[in-house]
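The chain that follows stands alone, in the form predicted alone, written as structure tokens.
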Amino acid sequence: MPVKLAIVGVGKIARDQHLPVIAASPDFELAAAASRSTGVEGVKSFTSLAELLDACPEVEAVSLCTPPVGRAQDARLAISRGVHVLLEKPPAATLSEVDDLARRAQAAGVTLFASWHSRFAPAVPAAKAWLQGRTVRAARITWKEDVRVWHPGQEWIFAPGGMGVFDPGVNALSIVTEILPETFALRRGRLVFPSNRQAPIAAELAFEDARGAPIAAELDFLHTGDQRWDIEVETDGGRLVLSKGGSEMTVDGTAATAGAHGPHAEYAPLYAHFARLIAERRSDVDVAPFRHVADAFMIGERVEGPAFAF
């Protein structure tokens, strides 16, 4: 029988990705929704998760798609009711919250999935396999997009905890922490904060892996024109490029095979993974991408930039 699932936070990402994938999934059945501003047609809708769980005891799992600040409170409530939890990225507002949720889920015997959707992009598994056994000499992340296109009017993204440019930038970090054969750490960073905002709108980061190979990242939330989500890796066996957020892969300029493409190419396998975790009573709570973001805020130089308005 499909797992009866509720979705909390019916915003852009929920409508663009979660709801269509859930509707097509053989593993899940959408049973209810909770949102402060809007519901989901055809299912019972509530204004809070607490109301939802009180009224819908049949709900077995929830997908939390609210902004990260405050999400841990809903996750704790769901776990306390024995409900499995999928956390949109980033998983919470702080690393401490995620650690607490992982302990609670283990004690309650429920699944907690800190999801990183970009890891499920079509070419990411092939890139990871190709890099195994090769020595990385250098890598570069170029993640440039227009916040007015992808987060129109979403003021929370520049509030404390909203992460600013790291909201998309953590997608790149989720890929490189998955595919690179060596761990890496931040050495220095430069974060540009609009004069009227509390989260960065651009960042330059310099990492170094365990063998000393440099890994540079350039993140920009004001990039117009063609959007860029690219990762380039120079190795002793050739040059690998992941483009379009991990959808396409080339090696030395030649296209390599990748998985199925489409508007839901990342979220369909993500939900399939969630279903396997539930069936096996396991959790998946990798905070490596989130830790790199925290490191950037900890040691990165803060530079003030022009004021920003949507």
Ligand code: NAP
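Note that residue numbering follows the sequence shown and begins at 1. Everything numeric here is computed off the predicted structure, so don't read it as measured data.
A second form of this protein, the form predicted in complex with this ligand, is not displayed here; the remarks below concern that form.
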> Tell me, which of Arg197, Lys144, Arg119, Arg71 has a heavy atom within 4.5 angstroms of this ligand in the predicted bound form?
Replying inline: Arg71
> Given that this ligand is left out here, which of Gln227, Gln154, Thr135, Thr94 has a heavy atom within 4.5 Å of it in the predicted bound form?
Replying inline: Gln154
>> Quick check for you: of 31-39, 240-248, 276-284, 54-62, which stretch puts a non-hydrogen atom within 4.5 Å of this ligand in the predicted bound form?
In response: 31-39
> Is Glu88 close enough to this ligand in the predicted bound form to count, meaning some heavy atom within 4.5 Å?
Replying inline: yes
> Can you check whether Gly11 is within 4.5 Å of this ligand in the predicted bound form, heavy atom basis?
Replying inline: yes
>> Just checking whether Asp167 would be counted as a contact of this ligand in the predicted bound form - the rule being heavy atoms within 4.5 angstroms.
In response: yes
> With the cut-off set at 4.5 Å between non-hydrogen atoms, does Pro67 touch this ligand in the predicted bound form?
Replying inline: yes
